[in-house]
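Read the single chain below, which is given as structure tokens and is the form predicted alone.
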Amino acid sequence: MQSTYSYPEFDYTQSYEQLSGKIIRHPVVVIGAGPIGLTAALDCANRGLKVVVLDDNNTVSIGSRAVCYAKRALEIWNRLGCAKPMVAKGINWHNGKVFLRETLAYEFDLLPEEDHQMPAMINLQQYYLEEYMVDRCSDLDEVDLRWKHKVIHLEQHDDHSVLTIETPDGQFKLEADWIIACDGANSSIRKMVGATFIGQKFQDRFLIADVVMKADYPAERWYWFDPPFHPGQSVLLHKQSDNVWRIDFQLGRDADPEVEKRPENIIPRLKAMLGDEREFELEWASIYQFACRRIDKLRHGNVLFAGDSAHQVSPFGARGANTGVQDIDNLVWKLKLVLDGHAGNSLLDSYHEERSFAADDNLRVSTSSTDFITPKSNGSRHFRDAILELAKHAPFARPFVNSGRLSTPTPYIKSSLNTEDEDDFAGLMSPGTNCADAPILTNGEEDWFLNQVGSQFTLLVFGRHEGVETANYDNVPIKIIRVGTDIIDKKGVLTHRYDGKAGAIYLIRPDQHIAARWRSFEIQKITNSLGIALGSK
């Protein structure tokens, strides 16, 4: 198989605990250095928290694995200082097409409006993503990345945990105030704390093939139902960097994974699709089944689960890694406030409240997609095919076409951290929703709104208000952004998206979600909403 990527090997070094024989207590320990664990490390560092990251390997993920990263994840990584190389290397796309056999049945646009800093989606092999994040971690003194450090035992106490670590030089122990478990779908930490992981496992098998070829296909997501080159099944095509193309073949329930993953059986499938005249090389292949399931509690004492260790969805819709990144975005600001003494441990209970709500939403959508892609009865198949036929000509049928609903953030519409609206607002920026970006000017320079919001509580103020001058409420620092003075809404996009009539005020959480909004300024209302957002009311 051809390879377009050289896998790095990161140095294993003995930890201070091994060399000194001392047991050290760390404020935060992250287990797993995949995309979610590395995001956790970067977010901790961004908020001034020292963090130890433990991984039992010493390289990045083998094979392209996750490849689609959505706008919200890119906005989070941009805040953490690592999105720029991802976007530069990745394939930017926002259009998708769905075919029934050889006929176009439906197409969509993930970002029909302009004025967003980040693209709707990029396709980028996971090994590049992790490499860029490891590079970013290496620039930060707060991050201690430890390779070939495998957790083999966890002992929980009331205010900390003790971890037993296995390395090439033997075992040692360390302590952690808080643990963020990002060790994947087969999480050993989940088993160590006795968590349950319940849901539905799907029987259909799929083949992933990464193919190196030069092709003039557009940078779009193409999905076929019952194509002539793979009759009775479905196929997905995505373009990645380095002329690598991801092709997914549905194989059915009875496929033998050992037989199907042999190159001599993969190549004929590819030739049937691409044609005998197309030159290509097979770079990587894998057979997979998937499940839709979730952990019982995202918080078990001082162990907090994120990413695939907390929930699994089907790969259709790119909801795995993107959802895990949003887990971290929700978690780490709360952990920082707890460690700094600005909030009680009960704030971390809202992590389960909000992210289990999001996980259940993703599981529902993912299960629905899977049922459409892999009908379980002849009746379901006839219904699906009828929808696809109708979608060619009838707009009412198109919303029912489901080749995988692409990842979008789940608003925390029922969160206990929200302050309900008491005034009328238009638009989407209601409490619990992540902030929309917009182009602005600051100090005469072009910039983006989310760059100014940053990583702390923020008051967004439209118009002049007497008394909005202090930057501290209940000893929790708040940044104030005044539209018209601190930033200029040069195109009116910010005002439109936030229904920012003169007098409007938004309280924005450190994860750039709306906590509350009002049409006029009252210090007591802001203070009260801040207490609610801190989980203290």
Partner chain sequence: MKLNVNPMIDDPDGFYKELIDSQRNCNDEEQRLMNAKLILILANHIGDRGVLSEAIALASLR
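Residue numbers count along the first chain shown, from 1. Keep in mind it's a predicted model, so treat the numbers as computed, not measured.
Below, we refer to the form predicted together with its partner chain, which is not included among the displayed structures.
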query = Only one of 336-344, 212-220, 378-386, 103-111 gets a heavy atom within 4.5 Å of its partner chain in the model of the complex; which is it?
reply = 378-386
query = Exactly one of V87, L428, L282, L390 has a non-hydrogen atom within 4.5 Å of its partner chain in the model of the complex; which residue is it?
reply = L390
